[in-house]
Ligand SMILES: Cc1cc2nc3c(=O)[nH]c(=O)nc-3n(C[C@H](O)[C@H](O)[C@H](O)COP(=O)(O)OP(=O)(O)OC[C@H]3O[C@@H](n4cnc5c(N)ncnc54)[C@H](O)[C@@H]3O)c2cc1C
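To begin, one chain is listed below as structure tokens, in the form predicted alone.
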């Protein structure tokens, strides 16, 4: 039986980060992934994710203050660009909560921003045509993370520091073993002092073996990429990342990311169809979802009303309050759970991974994670 200081289950954004930070601290690490590294079945694969300060809750703004330098440090460690500056806007109506609460949070944390009128948005970003009563909250530090590059950098650097990575390694069993843990994957037995579980939508499949079921809802989402012309007008520097709080008219918030590495303009919905289990998601995209994204673009980005370039399916794993779960198992404290991520944790993944290593190896963390505690849910154990 192979023995480690830490076993990490799941090599997506959170698990890969935990493996990296643990190996960087000198711990022996086993990283188990049921699919291949950077697979397309979960939540972490892809060209791009938004990184931002503009949140309606000040705690996330404070987390952003911590995580921006961490991504820059990872860039230096990896030798590649992972974060691209773009600027970003939140679109909505000034006195509605989506904008008003962001103004309060950013002001409280002394993060600079601008409120742009419809005409000011048109002057700065002529690609947009907003409604006359809409405004845009502009924050210059908003940017884009090259998602798959981030995951692969975490894994590669963990391996360079001695972590053992096992792809296509299906975890069949986890259990407490004294003060440590026992894991069986692909028929192989492993043991460790501590366990980090970052299995996304598959978390409850494993946690049920140790008497825990989390209130997680798996959601099938879809990324849609368009190819408006001229293409350079939709690249970072000329076009912002955006979140449009137009759910009253369209059912869900819409978000967009400028074209990165030739991807095309990304326009997608923050949410989608609920699933009972990740395996229920079919891999082929829905034309109806893409058509809806195109219709939204026709209204607000008229020049982007072009044929679809590509689309792909991904998953969200939602908590009831859309905040993360970062905590130790209430009965087996040697097990740490990262049950994110409600569609917005990728930007914090390198920080969350580090926090999970704190909890696993030190038993506590200096970071404020009270709002991510399991105790806020009536979780049967």
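Source: prediction; values computed, not measured. Numbering follows the first chain given and starts at 1.
Just so you know, the form predicted in complex with the named molecule exists too; it's not on screen, but the next bit is about it.
- Partner proximity in the model of the complex, defined as non-hydrogen atoms within 4.5 angstroms of the named molecule, places exactly one of 341-349, 22-30, 58-66, 326-334 at the interface: 341-349.
- Within 4.5 Å of the named molecule in the model of the complex, a heavy atom is found for all three of 169, 200 and 315.
- Using a 4.5 angstroms threshold between heavy atoms, residue 9 counts as touching the named molecule in the model of the complex.
- Interface membership of residue 255, defined by any non-hydrogen atom within 4.5 Å of the named molecule in the model of the complex, is confirmed.
- In the model of the complex, the named molecule lies farther than 4.5 Å from every heavy atom of residue 54.
- By the criterion of a heavy atom within 4.5 Å, residue 14 is counted among the residues contacting the named molecule in the model of the complex.
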